[in-house]
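Before any questions on binding or motion, here is one chain by itself as structure tokens, the form predicted alone.
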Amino acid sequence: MKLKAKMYNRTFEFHSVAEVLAKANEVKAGDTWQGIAAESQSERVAARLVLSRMTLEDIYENPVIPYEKDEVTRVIYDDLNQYVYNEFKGYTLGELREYILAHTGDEVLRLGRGMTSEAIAGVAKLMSNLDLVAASAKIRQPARCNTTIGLPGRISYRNQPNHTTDDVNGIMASMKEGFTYGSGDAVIGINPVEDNPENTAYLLKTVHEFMEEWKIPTQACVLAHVTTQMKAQELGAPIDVFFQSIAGTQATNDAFGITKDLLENAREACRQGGNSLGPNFMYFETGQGSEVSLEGDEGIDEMTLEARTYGFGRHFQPFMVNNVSGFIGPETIYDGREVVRADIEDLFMGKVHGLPMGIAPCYTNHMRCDQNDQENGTMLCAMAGSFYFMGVPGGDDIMLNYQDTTYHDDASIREILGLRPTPEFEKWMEDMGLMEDGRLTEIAGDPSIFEK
């Protein structure tokens, strides 16, 4: 394995696969903060040249964190399809990039089963924005909880009616408005202010009563810690899907208070005692930079760690994976250019892992980012086949204090690209008079339709 390349009469020599992966990455604030980023464009190009010549076997034999040290590494390697790996292990990453761009989505999904997460990240580092969009768009592996997301010709939305005090009247008002715009067929997802079983159970019961009253075909989730949700289930809360943030290193997952065993127990609790059909019962949130923010990065670049997060997450066959790279902030994602690139990298990497990927093309107000950057990211990810986006009242989450896609954005993306909600949800909207022939009607946006 050759770890050096010559650029403009200068030889760049690298000392490990991890260093090559870091220096081949697009500019990211988190990598610069760690001191592992390329120091010049020439060094970045040299690292990519070295990376393109590495084989799948080279990456496999050199995990960025050793198997014996890290649970995430163990999950990735233990779950790898060895038959597919052996078929492709002699391919270079440059050749794998060409294979992915030239083959069908199903063929890419098969290849992904034999690639370690570091290898998937490595291929993504060799791709342009257009490459990432073109490759992502053809990869689809739908998932089902109560309804199915990821079907061709469909795009779904999480109805996100957060409130600064968990006031149920405010939550319900926002949720109703979202439904009238067609937002909520992916999930009703509430981020609670109070992370305790009683509050979680109360919110879930209230939302489920509304869903049952109006016969709304979807699923609901309160995004408390997974252990809080499990305790709420013991209190009788109706559980459709369990939520949890996950990461690409054991150190960060330790900080999140999770392990593989805990998540397996949660999935089984939902399978045996939950309210949904399944077979997909987990909802994960991820984002480039979380490991850096929690000092659990192990000196590895944030994009590679994000890919490892997907390798860990696919073990649990989730219903949804929700990427929020733009939420983490300027110390890891500094500006609009970085967040848009991260969005489409993450969508590609997640889909090659076989995950039902959604993107929150979001940003925080202390980043060098604005609404145009956010909308550019939304349109690119929509073209790349994101399974779902968020639906936030006014685009401003007043509880989490960040900017995301609005109910109006959701409707606009469907109209621009000719996409529709999940089949069951579209039928419900038609029955409610909110949609006709795939387009919103004049009463869309009027939550008074829910008043009796």
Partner chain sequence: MANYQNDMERMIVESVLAELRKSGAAPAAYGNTTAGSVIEDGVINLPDVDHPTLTNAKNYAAVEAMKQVTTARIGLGRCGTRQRTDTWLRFQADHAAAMDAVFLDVSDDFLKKNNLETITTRATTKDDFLREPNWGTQLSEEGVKKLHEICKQDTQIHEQRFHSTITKVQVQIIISDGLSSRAIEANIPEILPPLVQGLEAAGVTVGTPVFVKNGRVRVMDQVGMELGCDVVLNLIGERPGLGTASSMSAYLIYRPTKDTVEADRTLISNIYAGGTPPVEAGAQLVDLIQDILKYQCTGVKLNEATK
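Quick caveat, the model's predicted, so the values are computed rather than measured. Residue numbers count along the first chain shown, from 1.
Form predicted in complex with its partner chain: not shown, discussed below.
Chemist: Give me the residue from Asp370, Asp78, Glu212, Asp261 that has a heavy atom within 4.5 Å of its partner chain in the model of the complex.
Modeler: Selected option: Asp370.
Chemist: State the residue from Ala384, Ala411, Ile36, Met54 whose non-hydrogen atoms include one within 4.5 Å of its partner chain in the model of the complex.
Modeler: Answer to the contact question: Ala411.
Chemist: With the partner removed from view, which of 54-62, 391-399, 37-45, 419-427 is the stretch that lies within 4.5 Å of its partner chain in the model of the complex, judged by heavy atom distances?
Modeler: The contacting stretch here is 391-399.
Chemist: Considering non-hydrogen atoms and a 4.5 Å limit, does its partner chain approach Phe312 in the model of the complex?
Modeler: So Phe312 does not count as contacting its partner chain.
Chemist: I'd like to check something about Ser174: if you look in the model of the complex, is any of its heavy atoms closer than or equal to 4.5 Å to a heavy atom of its partner chain?
Modeler: Residue-level check for Ser174: yes, a contact with its partner chain.
Chemist: Please determine whether Asp167 contacts its partner chain in the model of the complex, using a 4.5 Å cut-off between heavy atoms.
Modeler: Yes.
Chemist: Is His353 close enough to its partner chain in the model of the complex to count, meaning some heavy atom within 4.5 Å?
Modeler: No, His353 is distant from the partner.
Chemist: Taking Asn365, Glu375 and Glu415 as a possible spot, do all three reach its partner chain in the model of the complex with a heavy atom inside 4.5 Å?
Modeler: Checked in the model of the complex: all three residues contact its partner chain.
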